[in-house]
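Starting off, we have a lone chain in the form predicted on its own, written out as structure tokens.
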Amino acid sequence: MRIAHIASECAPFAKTGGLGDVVGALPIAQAELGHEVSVWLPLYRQVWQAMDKLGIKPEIALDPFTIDLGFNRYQVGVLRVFLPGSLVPLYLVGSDPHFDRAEIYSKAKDGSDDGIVRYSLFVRAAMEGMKKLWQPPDVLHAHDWHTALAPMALRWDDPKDWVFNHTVSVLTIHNASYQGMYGSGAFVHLGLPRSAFGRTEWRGAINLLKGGVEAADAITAVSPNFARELMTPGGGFGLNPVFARRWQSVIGIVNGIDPKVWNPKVDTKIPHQYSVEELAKKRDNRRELLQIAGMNPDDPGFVVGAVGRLTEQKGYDMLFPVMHDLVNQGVRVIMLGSGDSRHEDSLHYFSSSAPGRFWGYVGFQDNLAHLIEAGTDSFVMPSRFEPCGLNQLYSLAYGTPPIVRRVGGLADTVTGYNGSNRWDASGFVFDEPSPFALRDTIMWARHCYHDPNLWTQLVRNGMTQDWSWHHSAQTYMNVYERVRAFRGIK
């Protein structure tokens, strides 16, 4: 099957979160299943920087061509590289006025949000590039609102482009809180017929995610529980009636992790590799991490780690109010992240007020992220909402039982220990979005940690689960096949 992924992020070239990780890994896993897969990405300034760092030289895939959109004509170019460690081509759509900016999602020079222009141009150029390369896909797989125009174009363009007569569309929702909303006058930038206006409009504005959900042959969410949450007022972020209308086409598929990158057996970013049969080596990583954090490596007390964006979504506003309680009761905390200034200030504050008990690193350091997963006893993710989450999957793989809130993909992937399910549990789970519920769950995990037999069983339960991309990739293939069969396309 020929599959084309189209997205605004793709690791390691352009990434701000989990979307980039998925688009960098899922296509490779699908190619390993024997399919012809490609990825299309804007040629951001950050992509040039990544290629330079990786020593990758792109080749010209297509001569420059023009795209007419709205009342303007734009010239674009297409370069080609390959996803590292694979033969999956990555096509890079270049237009310097739109993509050569300081940040991936930077606004225009005049300060306006021109995202609808940037990503409409990208989608239209990518689809034209597929035609020029004579590579119309069997499945055009779009990701989030930035590329939701792709299923809209396949469904509503008039006249329809015969090249895509046998192409079905899939739209994956990674984060429903970002929807691509613009004033109604921005509809002209989509290149759609006027008859499609009502299908893209939502509560007085153009809503690109809404249009994509209406148009796609199938909608996937990055976990089954997240798929259910999309139908609710809180989980659908106002679009729940739209998701509910298409409930039969919404499928939840948990993201995977790359076992070549996130696997303690082969991880070169940690000082001591280990497996479920060699858990003593995990303690060696613990010593290394505690020494870096200025903590006593001989202290057997409970150590909790956290890595991620310091935002309200991630629930850190529930963690900091009980930090004094935790460290005063013997819990040590190691955190890595950046984001909201008030949360960064909290990292600095607790690092200075509780040395030896709390250590925070503001920023991101990949090797340190791996060592925190390998060297802490437990990993905390108190998210207010979490479509899938990846760090809890890393934690399970590294024998670091996660402490999570029962939302989204966290509910699908972590089985909380309740005192009687030691043979099935893999972590600790709480429901109420409050600092006290989080504190009590961390203290429950600490209590369990001091039962070595119980803790070893929880560690083993997590490490023996398979959260690699292979299973998820095959599930996506099953969705593609069902959609094509439903459309009567062989």
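Note that the rigid core is defined as the largest set of C-alphas that superpose within 1.5 Å between two forms. One-based numbering along the sequence shown. This structure is a prediction, so every number in the text was calculated from the model and none was measured.
As for the form predicted together with a small molecule, it is not shown, yet the points below apply to it.
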Point to revise | Heavy atom of Lys314 within 4.5 Å of the small molecule in the predicted bound form | key: yes
Review point. Can Ala369 be called a contact residue for the small molecule in the predicted bound form at 4.5 Å between heavy atoms?
Key: yes
Check your understanding: Should Phe364 be classed as touching the small molecule in the predicted bound form when contacts are defined as heavy atoms within 4.5 Å?
Key -> yes
Point to revise | in the predicted bound form, Leu19 touching the small molecule (heavy atom, 4.5 Å) | key: yes
Study note, to complete from the structure: Only one of 284-292, 336-344, 125-133, 145-153 has residues with a heavy atom within 4.5 Å of the small molecule in the predicted bound form, and that stretch is 336-344
Practice item. Counting non-hydrogen atoms within 4.5 angstroms of the small molecule in the predicted bound form, say which of Gly252, Pro264, Pro89, Gly308 makes the cut. Key: Gly308
Check your understanding: Heavy atom within 4.5 Å of the small molecule in the predicted bound form: which of Tyr394, Phe99, Phe358, Tyr417?
Key -> Tyr394
Check your understanding: When you overlay the rigid core, is the Cα of Phe82 off by 2 Å or more between this form and the one not shown?
Key -> no
Point to revise | Shift of Lys269 between this form and the one not shown at or above 2 Å (CA, core fit) | key: yes
Practice item. Determine, after fitting the two forms on their core, whether Ile372 shows a C-alpha shift of 2 Å or more between this form and the one not shown. Key: yes
